[in-house]
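Each of the two blocks below gives one form of the same protein chain as structure tokens; they are labelled structure 1 and structure 2.
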Structure 1
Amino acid sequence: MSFWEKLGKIDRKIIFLLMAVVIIIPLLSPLNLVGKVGRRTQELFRAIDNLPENSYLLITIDFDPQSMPELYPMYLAILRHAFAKNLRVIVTGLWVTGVGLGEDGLKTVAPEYNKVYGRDYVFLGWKPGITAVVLGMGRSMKETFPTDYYGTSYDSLPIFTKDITYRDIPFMVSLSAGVPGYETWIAYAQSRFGIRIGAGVTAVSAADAYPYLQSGQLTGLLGGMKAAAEYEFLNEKAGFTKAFKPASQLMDSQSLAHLVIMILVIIGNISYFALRRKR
């Protein structure tokens, strides 16, 4: 068997072993391969970074555990950015299946910045009646959420110095895996009350959000795990955190796996054309 024939018939066991190695190594020791940060990621980062200290930031968990690998790292990165900037964070969501994720993220990140529940951040949980809830927050946060997720009354939470509305919230981010999601907030909260909105979505649905970016209805977009890794990179570069970066770790594995696949495809094609030329 000639060299080119051997090259074109690499044992699949070797290929599987090679793929396993390049996927596992970055999981054990992240390589931080994040390159150029995308324009839309930078726009969302700047929108939050430019908020004055003690401003409200509304984050909505509009996804479920199925979309957790892509959207949860975005949630953690945005929380770290917000707490580092001393913003007052309000977390709620339109998906009942996202309640546990919203609570878990706050419990993970808030202690890193010594933030106090009720004063620096609050978790409102989920309420039925999607449209009524979104519209209601524009008229009265107190009437829409008379208590937080844990049953504490609105008036007992120091983070709320008055009955706030969207007019008191300069920016919000919807982490969205479908409907209801960022489109719901645009349709009812932005069109009616004018709140600025950014979004984080899964990679497969990012293209659907671009018309909203071009029309100015969305300010910044995180599309998939790559954008989550980019946001983690910006956080670390700004000195906001040195915490573990889950999206960057997974992107390292994915990037190396894609690189190996591309090399194998090139080798296969070279072998094919070399053998055909000899015949």
Structure 2
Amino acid sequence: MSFWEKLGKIDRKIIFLLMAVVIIIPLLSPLNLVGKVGRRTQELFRAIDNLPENSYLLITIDFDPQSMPELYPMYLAILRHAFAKNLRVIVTGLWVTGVGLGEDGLKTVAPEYNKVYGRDYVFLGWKPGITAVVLGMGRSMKETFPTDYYGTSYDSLPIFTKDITYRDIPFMVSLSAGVPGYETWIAYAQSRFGIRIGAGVTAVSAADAYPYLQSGQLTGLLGGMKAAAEYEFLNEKAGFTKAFKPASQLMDSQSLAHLVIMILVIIGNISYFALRRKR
């Protein structure tokens, strides 16, 4: 086997090992690379930042543990922003596997801001009947969720001063890893009831959301871990939090992983062209 052939046939074990090394090393010794805050992240940050105190903010957990590394840091960052701005946070979700994550985030962040369950935030959990749930919240939150996740009746929760609908919620964020997700909220909650929506999505699906940005159906977009890290940066810059920034730390690993993949692709192509010229 010639040198060029060997170059094009690197054992996959070596590739896996290389990837493991470039992912693990920055976790142990952060490089602290600083990126530029993207326009879409700034739009979402501003949309939440401009909400008046005590406004409702609806956050929907439309993802599962598989997308957790990218979307969960976004959730934490948005919660910190919302609590720092004294917004009333309502959390629900269209994915049953996201219920635990939704609850975990609230349990982690709410104590940092001395927020009280039922008064400052509420967790509604998950219900079957995706379309009916999204449409139902536009007609009556009380009928759609007669109780919260823990079985407390709607009327016993001080956060709800009346039977609210989307008209009472000036902004919502869907953290979405697929379908149902932000597109479901756009199709049923926005087209019928006009609620403003921002979205957080995984990096691979960010490109799909761009048409909704230009049409104005989405107000701001967090695309992947980079956007989560940018949101963490904006929170810290505004003095909203000094908490650990998980996405920012993981960005170093992602940066190097991207670089290694690119180098591998270049090596593969060098081998390909060298062999083609020989033939």
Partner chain sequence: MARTLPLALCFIMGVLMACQFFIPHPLSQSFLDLIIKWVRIISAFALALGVRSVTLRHYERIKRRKGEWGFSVVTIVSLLATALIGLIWGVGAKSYLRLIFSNIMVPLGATMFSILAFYMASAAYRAFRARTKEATLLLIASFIVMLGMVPIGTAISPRLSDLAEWLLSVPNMAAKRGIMFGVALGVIATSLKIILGIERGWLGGRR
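Here the rigid core means the biggest group of C-alpha atoms that line up within 1.5 Å when the two forms are laid on top of each other. Each residue is numbered by where it sits in the sequence of structure 1, with counting from 1. Bear in mind the structure is a predicted one, so any value in this text is a computation, not a measurement.
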Output row: form predicted on its own located in structure 1
inquiry  = Quick check on residue 27: with the core superposed, does its CA move 2 angstroms or more between structures 1 and 2?
reply    = yes
